[in-house]
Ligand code: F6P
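Shown next as structure tokens: one chain only, the form predicted on its own.
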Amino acid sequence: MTRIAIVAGGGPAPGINAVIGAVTLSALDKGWEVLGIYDGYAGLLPGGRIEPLVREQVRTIHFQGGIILNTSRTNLSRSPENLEQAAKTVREQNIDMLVTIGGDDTAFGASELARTVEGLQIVHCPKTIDNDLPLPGDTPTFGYNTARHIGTKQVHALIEDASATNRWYIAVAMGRTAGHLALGIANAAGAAACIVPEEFDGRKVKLSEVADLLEATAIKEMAAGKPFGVAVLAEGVAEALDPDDLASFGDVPRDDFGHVRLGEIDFGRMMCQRLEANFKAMGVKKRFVDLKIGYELRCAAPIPFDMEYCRMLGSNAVQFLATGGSHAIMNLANGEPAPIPFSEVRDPVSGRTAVRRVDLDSGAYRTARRFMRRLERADLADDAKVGRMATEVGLSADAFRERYSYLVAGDPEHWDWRA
């Protein structure tokens, strides 16, 4: 009997249960035996848990958030021993096929396992609320749309609270290497500003520069008669910080893959403290409150888009394996299976899965910037507007320009439709 196993790795995302259910039901319909590997790749190491999955367990789990198999960030490639032990378990369990569900690290682990176990068929179902896996065109990673949907509701409520209390909220949204989620939430909710790591083009940025970007936005809103607002930061901005500034957060924790545990850094709180101190120095009392957006999104029940998308991914993954397919990421194009070989999504230099970042030249990003109230080059060219902004914080027009002009030096003249 053909034996197929399912494993989920990395952080949770809405829709994982829908993939597990679709794979299980589709495989059982073919007469295959289905195994669930618990706790991510840790389930393939000594002491791990592997159990059969049956129809009644999964029949309606596509409605549920969370992960019935649990997950972990166990890194198989961290040591040759881990990889060989996982390969040994696969052989001992007589696993013919493996469906992995996860982000770039899980995909990399899947490709390494496929390289190690001869004859093992593997297909990877890409998930991440960060939307940063290199799927063709604008194809989202599953879980992103649900996370954006819920995050948008949260930020919209914050905007109402900010208006009622005349304060600012600094919301830090998940997104380590790409700002898709932060930008999607901010744009949909109508936040005053959003800052994503792509803006810094790989350079290390000072904490003071990030603070100045937010400070200038708040001043622009004050001059427009709005002493309140919400700004959304992608957490990956913290990872882009100058090492000395990052060290100011104390002993920075890291996971098995060497990534900074951004969720354990008080990035938003530090930004709020910096902003309040800056305004106080200018003689202005202003309240800033931080909020983290992320963990409450990851295990939410999926919206119908992700339910349907994930069921299609899971069922097509089984069909791909049944027809001899392997070593690929499952992708859909117009509802039809369009698997992408592992080799086509790996960075030729690092060997890791490539990352899809926010395209700052895209129409989508330019549209988002048009709706933000961030400082623009055109603002500084308008003497009347500069005068109003400078007056709000007790500066002269020249001093205002001198303090903030560097923030927009690399920006286009306008974030409009003109090239």
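Owing to the predicted nature of the structure, the values given are computational and were not obtained by experimental measurement. In case it trips you up, residue 1 is the first one in the sequence shown, and so on.
One more form of this protein exists, namely the form predicted in complex with the named molecule; it is left out here, but the text below deals with it.
S.K.: Tell me, out of H327, R269, R73, R346, which residue has a non-hydrogen atom within 4.5 angstroms of the named molecule in the predicted complex.
M.R.: It is R73 that has a heavy atom within 4.5 Å of the partner.
S.K.: Out of R298, K286, K220, R148, which one falls within 4.5 Å of the named molecule in the predicted complex, going by heavy atoms?
M.R.: Only one listed residue qualifies here, and that residue is R298.
S.K.: Of 174-182, 335-343, 202-210, 82-90, which is the one stretch near the named molecule in the predicted complex, taking non-hydrogen atoms within 4.5 angstroms as near?
M.R.: Flagged stretch: 174-182.
S.K.: If you check in the predicted complex, is T100 within 4.5 Å of the named molecule, heavy atoms only?
M.R.: Judged by the heavy-atom cut-off of 4.5 Å, T100 is well away from the named molecule in the predicted complex.
S.K.: Looking at the partner-bound form in the predicted complex, is T128 within 4.5 Å of the named molecule by any heavy atom?
M.R.: Taking the distances in the predicted complex, the answer for T128 is yes, it comes within 4.5 Å of the named molecule.
S.K.: Although the named molecule is absent from this view, report whether E215 comes within 4.5 Å of it in the predicted complex, heavy atoms only.
M.R.: Contact with the named molecule, no.
S.K.: Can you tell me if E235 lies within 4.5 angstroms of the named molecule in the predicted complex, counting non-hydrogen atoms only?
M.R.: Looking in the predicted complex, residue contacts with the named molecule include E235, since a heavy atom lies within 4.5 Å.
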